[in-house]
Each structure stands twice: as structure tokens, then as C-alpha cells.
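Presented as C-alpha cells, the chain that follows is alone, the form predicted on its own.
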Amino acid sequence: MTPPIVIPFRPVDPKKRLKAIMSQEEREGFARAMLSDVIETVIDAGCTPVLLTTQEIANIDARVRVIVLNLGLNEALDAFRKEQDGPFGIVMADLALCNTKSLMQLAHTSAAFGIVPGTGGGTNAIYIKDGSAFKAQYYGFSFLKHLTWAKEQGYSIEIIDSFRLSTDIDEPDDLVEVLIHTERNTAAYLNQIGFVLCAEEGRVHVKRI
């Protein structure tokens, strides 16, 4: 049986830090494009995608197990893990740069607990061999919270150094990374709504045409 990879997702009014450059409808389309890239990568890595969503979503790949829980992130993940008796992973839905190689590095960790830090103290991805024991502690300094918890359990730990998994797409400047490093659904969506790369005074950023 392939290991489940949980992808938490909020379909309505996501990515609020992009409000200055995208409408709500565009942000929702952008979030769906990133989700589709993450789902495809999970499947290509030989894992089973589990979409943990706050409400029903149309046109989801039939290979995806969908769980609807209108709860906060930590509460939803804790509800999911109570049903688990084996390993599982958690990958955020905004990791548009993730690819098969980086995800397999996470899912094939030899440690009892693998973790990928995000910028600013967050946690972008986790893989735990004993899924039933996991305690979700997202928000704030979640990377340090998860790391401390794993140490307290006596788990072997691998901190996975991965540019593609550590880069989450939250801010306008993050769109540069999508357009430089990917050619999939997320980049295509940005191009579709008019975003392109631009270099001025030696610095690369995005502009809308």
C-alpha cells in the first residue's frame, strides 16, 4: 500500500497576502493550480494523495481521497491521524515548486520523523512513521514546535534541506520562483492572468501585462 500524503486545503478566499495583486477569484484559481501540481507530484512519487479540505471541491482527480472537515488546520490533522495506524506525510498545498525527486526524499526518509522547514519558522512538509502519535502544531514557530515534540518522543529525525519543498508561495515576490523554476499548471495560470518576469535595476520581479 502506498503511503498517504495529506494535503490541507482551503478553497475559499485563500492566499490573502496576494490581495494587492489578485482578486479573490484569481487567488482561488491560483490556489487550485498549485493544488493540482502538488497532487500530480504526490501521485508521480508513488504516494496516495489525501485532500483534507474545509469544503467540497469540484473536478478533483479520481485518484485523490477527499476528506471534508470544516475545522482549523491542527484540529483537522489531529482528526485525520486518529484513524491512522501507519506512516503518513503532510505537504502544504502551496508548494508549487515541489517535484517527484524532492517528495520522494521526504517519503523515503530513514528517520522516524522527517521534516522540511519553511521560511519564517513554518513547517512545509512532514513524514512520520508512527502516524497515530502525531500532534499537529502549525502556526507561529511550528517548525521548532514540531522538532521539539519529535525529540521528546525520542524519534530519530531528519531535517530535509530542499529548496523545492521549503519554498511556499505566499507573497507577491514568491511568484518569481514559480515562473523561473516551473512550467506546470501554476506557472501557466500566472501567465494566463497576465503575470510575467521582469528585470529592473538588476532585480527580478513579476509584473502584470
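The first residue of the sequence shown is number 1, and the count goes up from there. Note that the structure is a prediction, hence the values are computed from the model and not measured.
One more form of this protein, predicted together with another copy of the chain, exists but is not displayed; see below.
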Original post:
Contact between residue 27 and another copy of the chain in the model of the complex at 4.5 Å, heavy atoms?
Top reply: no
**OP:** Report whether the minimum heavy atom distance between residue 166 and another copy of the chain in the model of the complex is within 4.5 Å.
**Re:** yes
**OP:** May I ask you to check whether residue 157 falls inside a 4.5 Å heavy atom distance of another copy of the chain in the model of the complex?
**Re:** no
Original post:
Going by a heavy atom distance of 4.5 Å, is residue 19 a contact of another copy of the chain in the model of the complex?
Top reply: no
Subject >> Answer range among 137-145, 42-50, 56-64, 27-35 for contact with another copy of the chain, defined in the model of the complex as heavy atoms within 4.5 Å >> reply: 137-145
Original post:
Using a 4.5 Å cut-off on heavy atoms, which residues of 166-180 contact another copy of the chain in the model of the complex?
Top reply: 166, 171, 176, 177, 180
